[in-house]
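Below, in C-alpha cells: the form predicted on its own, a single chain.
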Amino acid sequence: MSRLVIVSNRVGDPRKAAAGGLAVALGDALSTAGGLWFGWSGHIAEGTDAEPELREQRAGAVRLVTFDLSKEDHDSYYLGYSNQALWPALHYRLDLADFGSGFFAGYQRVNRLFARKLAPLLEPGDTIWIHDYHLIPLAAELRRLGCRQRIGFFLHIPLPPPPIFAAIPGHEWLMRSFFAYDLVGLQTRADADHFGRYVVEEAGGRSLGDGCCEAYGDRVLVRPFPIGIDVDEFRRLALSSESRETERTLREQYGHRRVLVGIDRLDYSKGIPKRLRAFRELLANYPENRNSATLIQIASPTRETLLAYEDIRHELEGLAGEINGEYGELAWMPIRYMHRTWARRRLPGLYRVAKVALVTPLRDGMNLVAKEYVAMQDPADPGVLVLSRFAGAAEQMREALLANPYDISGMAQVIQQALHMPLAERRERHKALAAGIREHDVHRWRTDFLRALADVPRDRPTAASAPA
C-alpha cells in the first residue's frame, strides 16, 4: 500500500477530539498506510528574510510537518488572495471580492514555497492528496519540480458556473492548474457540471464522458465526492460530560419552549442576517410563536480583521437587538445571539434540545452542521431540519424542508411548517435523512476518493498543463 501524503493550509492533529471528524478520518487513513500531513503551522514568523524551517511532530504513525509564514506571505496569500479574492468569488459574491495588488503574486509565491518544502519529503510511490482553495496550483508547482506521483485535489467550497469563475482575474491560470492533478474532487454534481462547462465554453476543451475533461493539452478526471461526517464519532461526543451538561442546562431553561438553533461561522456566505429577518417575520405573521419559540444563534468568530466580517457582525448585533426589543418579554427573549466559539463537545447537547435546525446559507460547499443535527436526533421524536437549497448538502438531503434564504417570507413559512410538523412526518423524514448520512459518511468519502485516484490511468501527460 502506498504512503498517503495529505497537504492542507492548516494541519489537523487527529489525536485531539477538537480537531473534528475530518481530521480524525484523514488521520485514520494516514495511520493505516503510514503517512505525512503537511501544511502551514498557523504561526507568523518574525522577520521576512530567512527561509522557514520545518517542524515535525509524531501522532502515532503519522508525521505532522509544518512551517511558519512571514507576515507578508500570510497577508497576501491567506488574508489576501485566498480569503478576499477566491473565497467570495467561489461563493458567488463577486461584489465582495478584492483582487488587490500583490495578492495574486503572494498566492503564487506561497504555493511555490509549499512545493519547495514538500518535494524533498516525498517518496516515489506516494499518493498525494491536496485540499482546498488555498492550494489550487500546488500540483503544478510540484510537477515543475519533477514530481510524478499520483496527485488528487479536493475543493471543500463551491465551484461557481463559468460566467462567475471567468470573472476572476487569472481564471485561466487557475483552471490550467487543475489539469496538473490526476483527480479533482468536488462536493456536488452541480459543481462538477460547472467545471465541465468551463472547460468547453471558456477553455475550448472537451468533455470525454464519465468526468474526464481535456484541455490545455492535458486531461483530468473531475467527479463529485460529497463529504460526510463520522456519525459514530459524533454520537460518542454526546456521551461527554460537556454535552450532557449542555443538554441538561438547556432543558431546564427552555423546557416549556421550542428551541430553534443556528450554528455557523460568522461569514456572509451563511445567510445569518436573512435568517434573523425570517424569524422576525415568523413572529409577526404567526403570533402563536411569541413567548414560545426561541432561536439560539451561535456565530463563531472568523477572519475578524477583514472589513466585510466586521460589517456583518455589527449588522447581526443590531438585528438581534431590534427583534428582542420589539418582541421580547421579561421572561422571554426571542433570540439568544452568541458571538463566540462553542466547544465541539457541547454541540451534541444543543442539537438534542433543538426542535428545529436552521441551516440556511446563501451558498455553501456542503455544510456538515445539517448532518450533525440529524445524527443527534431521537428517532422517536426527531426535530426538523430546515436546509437552504443552495447548500451542497441539499443535493443529498432532499427529505429536509428546503428553503430559499433570499425569500424572507417564504422562509418564515417553512419555519412555521417545521415548528408544527406532525410526529409521523417528522419520523419519516428523519429516518431517510439518518440512513443517508450513515451511508455517505466521511469514511466513504475518503475511501471513494482514494480508490478513484488509484484507478486513474497513468498514460496522461504530467507536466504539459503546469501554468507559467
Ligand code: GDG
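In this text, all values refer to a predicted model and were calculated from it rather than measured experimentally. Numbering starts at 1 and follows the sequence shown.
Not pictured, yet referred to below: the form predicted together with ligand GDG.
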item	value
Interface stretch in the predicted bound form with ligand GDG - options 108 to 116, 337 to 345, 207 to 215, 92 to 100, non-hydrogen atom within 4.5 Å	337 to 345
Full three-residue contact with ligand GDG in the predicted bound form, heavy atom 4.5 Å, for Asp364, Val369 and Glu372	yes
Distance check, Arg277 to ligand GDG in the predicted bound form, heavy atom within 4.5 Å	no
Contact of Ile263 with ligand GDG in the predicted bound form (heavy atom, 4.5 Å)	yes
Distance check, Asn324 to ligand GDG in the predicted bound form, heavy atom within 4.5 Å	no
Partner contact for Lys270 in the predicted bound form: ligand GDG, 4.5 angstroms, heavy atom	yes
Selected contact from Ile151, Ile227, Met175, Val220, since only one has a non-hydrogen atom within 4.5 angstroms of ligand GDG in the predicted bound form	Ile227
Sole residue of Ala293, Leu122, Ile157, Ala140 within 4.5 Å of ligand GDG in the predicted bound form, by heavy atom	Ile157
